[in-house]
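Taking the form predicted alone, here's one chain by itself in structure tokens.
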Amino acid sequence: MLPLFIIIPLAGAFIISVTGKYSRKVSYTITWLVTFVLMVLSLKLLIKGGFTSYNIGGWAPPLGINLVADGLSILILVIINTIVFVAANYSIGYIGKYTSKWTYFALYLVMLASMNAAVLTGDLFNLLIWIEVGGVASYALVAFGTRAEELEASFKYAVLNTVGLLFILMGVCLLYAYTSTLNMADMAQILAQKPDNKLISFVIVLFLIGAGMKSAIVPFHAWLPDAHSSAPSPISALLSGVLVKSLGIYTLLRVMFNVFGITLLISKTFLIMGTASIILGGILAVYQNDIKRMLAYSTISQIGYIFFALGLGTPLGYFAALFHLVNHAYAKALMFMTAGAVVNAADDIRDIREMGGFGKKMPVTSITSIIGSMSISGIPPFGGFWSKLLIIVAAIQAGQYMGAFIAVIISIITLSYYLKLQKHVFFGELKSKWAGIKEAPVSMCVSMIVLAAVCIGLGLLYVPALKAIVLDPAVNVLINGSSYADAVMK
């Protein structure tokens, strides 16, 4: 099953690139079918559980390249393919104002293939290659509208992320020179038998910088506000909901926990970077009047919560981090979709001060936006409340009282700017110039409703039966770092 997550979207992209220019329906149909099939396959993997490995060409690691699906990669795979499917359905109604629709959907599927491949590969060099493939596709999609603002954002995104990729490349080269292997499991076993030295510490720094750039964690966040606010809204949803997690956070988790082995110094680094991101992203979001830019800074803050929880170094902290990663992925994807519906109806105006009263004309968008806002802000009974509560409890148990206090304060600030968004966009009097606005197309509304339902239902992940299927296997991969290498190399 594992190769299908790469082969199917690449084949779909190829077919669209050949036939899409002649028929718009071909692009829509293939994209919808590909993403639906992969969503079903990812959910099937989740239900099946356990560990799965596929040796490409029959060559066993470390000589051959293998694909690996364990608790962590399956969790990220489900997030990727469910959100990509919903965003594809949303794109069908959203993309009408753009030209070269077939190009959009071809790049869309290439980006999906790269994210799936990066999560499944057991080879460090292939991980690097797929991160770059995903980057190139996302650079083009950010600039898809070709306005000056979008081109500038795409250029900044490309330059900064390419620099980050060079840091990862240097790290891979040094590790290969030191261990004579590129297979992550084999590399982990070799490093475990060698004494710690300054070279490995230097390589860890390189990966923190490179993958930190992809994760948009402070201080490597400068590209994110421009890229996320300028991209077409379905792409903004993917960038914030899944790309930074699959190509950035996942890379750091896999390398730090399963290759190098988590150390106290790495945990403290996560703690410091996470705290800085929570504060900076939250405060900067308050001052934004551009609806998509506000959501972009919110992403930086919420990613900070994930890193802060990881830095606590406790099983509850790891559980809370992954729980919040799941909640944020779906809630932020929903928020960018509601923002896209609003901006689309408002003739591409993104300043919330020029809006008001949209809830009367766009009830579905209004209700789903409120659900997404409350989930990210940590209001019960939504999923975001439970993950933030667990982060705060884990911080108190770990003795990080100041960090817990900061998490609470920034959660209140988060609620304030999301209430500001709701007030300026959906409440108040409808201005005369907006008298003709209409609700988003049916495909966009359906996508928003689905994600809103998920945001409500994610609170149930704390139920033992669901927790054991969805989150516990991923948490165990982080807690038992060496088990990854043992499972792959047995």
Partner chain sequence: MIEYILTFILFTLGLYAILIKRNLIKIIIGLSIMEYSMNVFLILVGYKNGATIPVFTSLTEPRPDAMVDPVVQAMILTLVVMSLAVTFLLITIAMRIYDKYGTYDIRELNKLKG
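Residue numbers count along the first chain shown, from 1. If you're wondering where the values come from, they're calculated on a predicted model, not measured in any experiment.
Beyond the structure shown, there is the form predicted together with the partner chain, which is absent from this document and is the topic of what follows.
Problem - Q397, heavy atom within 4.5 angstroms of the partner chain in the model of the complex - result: Q397: no, not in contact with the partner chain in the model of the complex.
Practice task
Although the partner chain is absent from this view, report whether Y297 comes within 4.5 Å of it in the model of the complex, heavy atoms only.
Solution key: Within the cut-off, so yes.
Practice task
Answer for Q288 alone: is it within 4.5 Å of the partner chain in the model of the complex, judged on heavy atom distances?
Solution key: Yes - in the model of the complex, heavy atoms of Q288 and the partner chain come within 4.5 Å of each other.
Practice task
Look up in the model of the complex whether L264 has a non-hydrogen atom within 4.5 angstroms of the partner chain, and give yes or no.
Solution key: Although the partner chain is absent here, L264 would stay clear of it in the model of the complex, with no heavy atoms inside 4.5 Å.
Practice task
Let me know the one among M402, I283, I129, I409 whose heavy atoms come within 4.5 Å of the partner chain in the model of the complex, would you?
Solution key: Going through each option in turn, the one that passes is I129.
Practice task
Quick one: from D196, D351, D348, E152, grab the residue that has a heavy atom within 4.5 Å of the partner chain in the model of the complex.
Solution key: Contact residue from the list: E152.
Practice task
Look at the stretches 367-375, 409-417, 175-183, 333-341 and give the one with heavy atoms within 4.5 Å of the partner chain in the model of the complex.
Solution key: Every other range fails; the passing one is 175-183.
Practice task
Identify whether the partner chain in the model of the complex is within 4.5 Å of every residue in the set F167, M170 and R293, based on non-hydrogen atoms.
Solution key: Yes: each residue has a heavy atom within 4.5 Å of the partner.
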